[in-house]
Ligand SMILES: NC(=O)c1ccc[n+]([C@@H]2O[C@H](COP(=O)([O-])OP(=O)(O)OC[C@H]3O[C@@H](n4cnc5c(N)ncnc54)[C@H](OP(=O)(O)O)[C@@H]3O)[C@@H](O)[C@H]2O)c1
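Here's a solo chain for you in structure tokens, the form predicted on its own.
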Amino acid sequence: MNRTVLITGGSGGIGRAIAEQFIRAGDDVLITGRSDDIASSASGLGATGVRLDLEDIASIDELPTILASGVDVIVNNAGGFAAPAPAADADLTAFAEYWHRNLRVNVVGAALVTRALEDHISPGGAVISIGSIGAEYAGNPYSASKAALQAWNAGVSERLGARGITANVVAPGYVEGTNLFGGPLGAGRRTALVERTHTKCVGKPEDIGSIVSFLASPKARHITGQTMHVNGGAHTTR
């Protein structure tokens, strides 16, 4: 099964682990990133690299041309803490930009990429978006944007389901080996996050790559509109 897979933000961390899963399966993988060296990063993986900024609508609009022969799997992985929190005494303009930028990067970007390509997704394809355990405690713009991603995903699942296309969110807990926090966590914070899990283990990028690979596979065709939590029990569902 040779598929065409698009992974946004695929040059490192979770995105890279996801790309490696599909490449090992023999799929044609295109990864995107904001840096100018995305092509060399992709080459090292055995993928194709395209520079893409989720806040640049013009570059998103080029995706249907780049993927003119269609796409089987879209992985909306790009995102993260898109802007530092303003100082407590900052004005409302600063807080507005803090909120707007996180929403643009974490949910609007995924929505635009999917919208640009949805007519090009092959029947039986999949849209998989990377959320966060933070959506369950949405007290800041990043977490709120990931909660919005889950709600948006439900609509995508309903809209594309008749074509056999599934849409799911994978919500990681704490995963080491990423740049989400802008560098290594302090020992105290890391210990606290590990203690919240049932397994007393940190997550690894490969843990996320494995579930994404499964959700895109023929074995998961009746799973759609869901948020799949991968967090060692740090957040449980009923």
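Note that residue numbering begins at 1 and tracks the sequence as displayed. Just so you know, these numbers come straight off a predicted model, no measurement behind them.
What follows is about the form predicted together with this ligand, which we do not show.
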Q) Heavy atoms within 4.5 Å of this ligand in the predicted complex: which stretch among 64-72, 209-217, 48-56, 22-30? A) 48-56
**Q.** Site test, T166, V169 and Q226 vs this ligand in the predicted complex, non-hydrogen atom cutoff 4.5 Å
**A.** no
Q.
To verify the annotation, which of these, S40, T199, T191, N179, has a non-hydrogen atom within 4.5 Å of this ligand in the predicted complex?
A. N179
Q: Would you check, heavy atoms only and a 4.5 Å threshold, whether I130 touches this ligand in the predicted complex?
A: yes
(Q) Within 4.5 Å, heavy atoms only: does N77 come near this ligand in the predicted complex? (A) yes
(Q) Is V105 part of the interface with this ligand in the predicted complex - any heavy atom within 4.5 Å? (A) yes
**Q.** Interface residues of 141-178 toward this ligand, as seen in the predicted complex [heavy atoms, 4.5 Å]
**A.** Y142, K146, P172, G173, Y174, V175, T178
